[in-house]
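Single chain ahead, by itself, as structure tokens, in the form predicted alone.
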């Protein structure tokens, strides 16, 4: 049974709420662009889509770790170097990310853990800190969904300010933070008292969604961790490596893959330039190439295992939890039809 505070929002009041929030926040939401659903900034709340049954082209991570990002620019003026850091822009922007599914909410918590390590990454953490998250529970599942297995959904445990559950003509709003509570308090004409049966309605909705998923058998994360450790040298990895194209589509569509490359762009006059960060993929042959030209994961099986083992072993060693949220995007886009659930099942069966 859900333990957080609940409110009701009737569906005809949702755009009124988002309109009020847009006075203080830049609103990002699923929107229809050239026939596809993407997460993007909206200029008018009429663009908001709260009911969508297709995957956004890329996960919500792109709003926090952009595919291509200029970290700073520089210019040589006389004998000085003038550096213009883009961090100030990140720090000033207040954003509301609307329509996030439970699996993507869980992925943001994983990104927060990774980018908070050591000195931290002020760009990613700055965006996470300045963003209000309003999630919406799925009303249906994709054939690839298995968030129940990774304990990432269909209901998020934390990492959100408000989370909406669709019930007939209204949403049950789960309040997940003090910021969410303040929004509800300031908009009492929109957030109404929940019915005593609303918590039960959420539980029933969760059971309905879980029953539709094709998942491996649910096990404790450490049982899964130990099973992968034992399976590192099994022969079936070579079978998958023969199918894998090392194209990197699984990395780029994964909501928790965070590998990136950094390079400097220099203008032709050699007086201006910028430092740029772009997404990278551990499947690429060049990923482990060092200055001497040596490549440390030349075999395709080692690169395939690197990605899978990072999700279920190295991530546990690093940040204390697996970094797969069961969204299924990786094998939805895989041209070789490599299904991560099949790998998990083989590992668990030993």
Partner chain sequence: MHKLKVGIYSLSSCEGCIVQILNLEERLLEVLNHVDLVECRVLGLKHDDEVDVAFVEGFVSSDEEATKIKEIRGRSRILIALGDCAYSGMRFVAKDFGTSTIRADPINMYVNVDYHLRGCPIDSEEFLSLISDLIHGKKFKESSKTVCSECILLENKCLLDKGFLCLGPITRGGCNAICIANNKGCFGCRGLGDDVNISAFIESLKSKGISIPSYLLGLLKGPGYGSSQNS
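Residue numbers count along the first chain shown, from 1. Remember, predicted model here, so these are calculated numbers, not experimental data.
Keep in mind that the form predicted together with the partner chain is missing from the display, and what follows is about it.
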- Item | All of 50, 53 and 132 within 4.5 Å of the partner chain in the predicted complex, heavy atom check | no
- Is residue 249 close to the partner chain in the predicted complex, meaning a heavy atom pair under 4.5 Å apart or at it? yes
- Query: Closest heavy atom of residue 178 to the partner chain in the predicted complex, within 4.5 Å or not?
  - Reply: no
- Message: Against the partner chain in the predicted complex, would residue 279 count as a contact residue? Criterion: heavy atoms within 4.5 Å.
- Response: yes
- Query: Is residue 335 close to the partner chain in the predicted complex, meaning a heavy atom pair under 4.5 Å apart or at it?
  - Reply: yes
- Note on the structure: Students should find that, of 67, 70, 317, 46, the residue having a non-hydrogen atom no more than 4.5 angstroms from the partner chain in the predicted complex is 67
- Query: Of the options 117, 186, 94, 242, which one has a non-hydrogen atom that comes within 4.5 Å of the partner chain in the predicted complex?
  - Reply: 242
- Query: Of the listed stretches (265 to 273, 154 to 162, 192 to 200, 108 to 116), which one has a non-hydrogen atom within 4.5 Å of the partner chain in the predicted complex?
  - Reply: 265 to 273
- Query: Quick one: which residues from 280 to 305 get a non-hydrogen atom within 4.5 Å of the partner chain in the predicted complex?
  - Reply: 284, 285, 286, 289, 295, 298, 300, 303
